[in-house]
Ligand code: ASN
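Only one chain is shown below, in structure tokens, and it's the form predicted alone.
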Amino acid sequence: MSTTNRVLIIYTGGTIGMKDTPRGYAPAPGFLSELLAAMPPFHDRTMPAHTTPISRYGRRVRYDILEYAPLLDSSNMGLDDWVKIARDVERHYDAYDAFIVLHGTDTMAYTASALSFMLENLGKTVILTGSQIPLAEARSDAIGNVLGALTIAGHYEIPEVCLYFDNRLMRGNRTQKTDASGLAAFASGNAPPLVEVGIEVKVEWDRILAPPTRPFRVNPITHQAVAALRLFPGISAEMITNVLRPPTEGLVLESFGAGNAPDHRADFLDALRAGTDRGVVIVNVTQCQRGAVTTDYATGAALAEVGVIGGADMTPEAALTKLAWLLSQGLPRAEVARLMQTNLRGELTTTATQTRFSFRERVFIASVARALAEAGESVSRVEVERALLPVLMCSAAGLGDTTALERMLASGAEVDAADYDGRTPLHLAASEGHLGAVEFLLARGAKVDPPDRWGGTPLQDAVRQRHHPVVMALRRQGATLGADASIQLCGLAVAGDLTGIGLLLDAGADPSSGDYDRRTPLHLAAAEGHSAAIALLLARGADPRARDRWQQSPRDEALRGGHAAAAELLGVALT
């Protein structure tokens, strides 16, 4: 039985839903919803509207679309629109598991940054995405972007405001638009992706912010008296002075390199000092897409001496929206300056970035017990062990550390102890390919086919990561594949992936099982002319006489595609 997650798509406008008109591309109310409903990846016709087909993890996504009127080009969006999006997330927060904001690309990084600060104590996934080419076009990046965002939003709990583009999920307040015409339009120069989507979805959990402990709320940006100024060689002091005049209360100064600016021009520095003396918060960020502001150079130290604060490795978009948000809180200027240099939402790199624990430390249990005791909690180390051993078991299994596993089992840990995602130590050991740990756990009575929260088993993990020795060890203990094995095998046949086909067959996949159209792996390999894949499948018992729903045989597919060698191979098999 599948589970269904609910996602709200907030459609603000942008290229993604535009329609071709005599005057060029233009927003068309209702058009996006019509397009998605007509596309099989976004709508299973056997289910209620806007319900996706079941995923390999046994989950569907049910989404609703909240379409703005009027639909806006992102260049026309501003502070009020950011607040509207935040309020809509707040209004529907309890009714949905995650949120997607469809947005034009030009100012998407600004909106993502602004939302990251306004959505306080965010415990659900919020993803901004869009496209460079409208969804209605035959060659559009919109399908991949929306489907990727929907997949992540419907399957993973990532309590952050993110931006998804070109198969990467990035922290929203770390992104910048770096390409006006390419499909990889966004970059996150100082922070690696949180999720990368390829054949598999790879989530980097250690990079993701910890879930909140306080209730969610929206704290809007109301302050507009902020500005940004990009330094250039020869910039005049008068220009600095004019930008810093009232009503400006905050300025993001985009400096050279590692935060450098002219240090030999007294007029330039005096203009900045006058601004900081008046109470203007001036934040120094680099013009470069990578790197951070430092005071290693005299030209950078000169700015600090006149009261300009360093913005570390924040993007100009993050610095501007964070500054506006902090000024909206009515805080003293000194506190605004302090918080601008403090990591609040993962927007800047510090040595103590708050991420999920890796649980790799051997002294973790003792440290937690000691910390709780120092905080006045009457919790014994035994109680801490009971709470943390399941997660530490999984960590040790993922590292292949059989010594630690044996020690924890001797301490009373359960061999099938599951983590927060229902993944047991055997899942982790199989996924990482640690044969010794797999055999160790099986020898101590670990269940061979425990399902995790998505219905995945250790064998499926081992197949996915292509750890053949682990696959064979699990098969010897009776492990079986799930119902989606035939679909996986068909996909490998289309690609002509001999290694993957062989591995999946060794894992117990039926070489003659078909997809929803009863097309077998042989049909698909024949259609693509993959003779080597055909030979492998035939050798492993695939039926060359199988017929799909249109009564076509694999040989018929080869002939239709003009693949003579494949047709001959299948003809021999039929005799």
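Please read all numbers here as calculations on a predicted model, not as lab measurements. Position 1 is the first residue in the sequence shown; the rest follow in order.
The form predicted together with asparagine (ASN) is left out here; the points below concern that form.
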item	value
Option touching asparagine (ASN), based on a heavy atom within 4.5 Å in the model of the complex, out of D497, D73, D88, E439	D73
Residue (of S395, S486, S140, T105) lying close to asparagine (ASN) in the model of the complex, criterion heavy atoms within 4.5 Å	T105
Partner proximity in the model of the complex: S116 to asparagine (ASN), non-hydrogen atom cutoff 4.5 Å	no
Asparagine (ASN) contact in the model of the complex: Q132, any heavy atom under 4.5 Å	yes
Q552, heavy atom within 4.5 angstroms of asparagine (ASN) in the model of the complex	no
Listed range touching asparagine (ASN), judged in the model of the complex by heavy atoms within 4.5 Å, from 452-460, 395-403, 73-81, 146-154	73-81
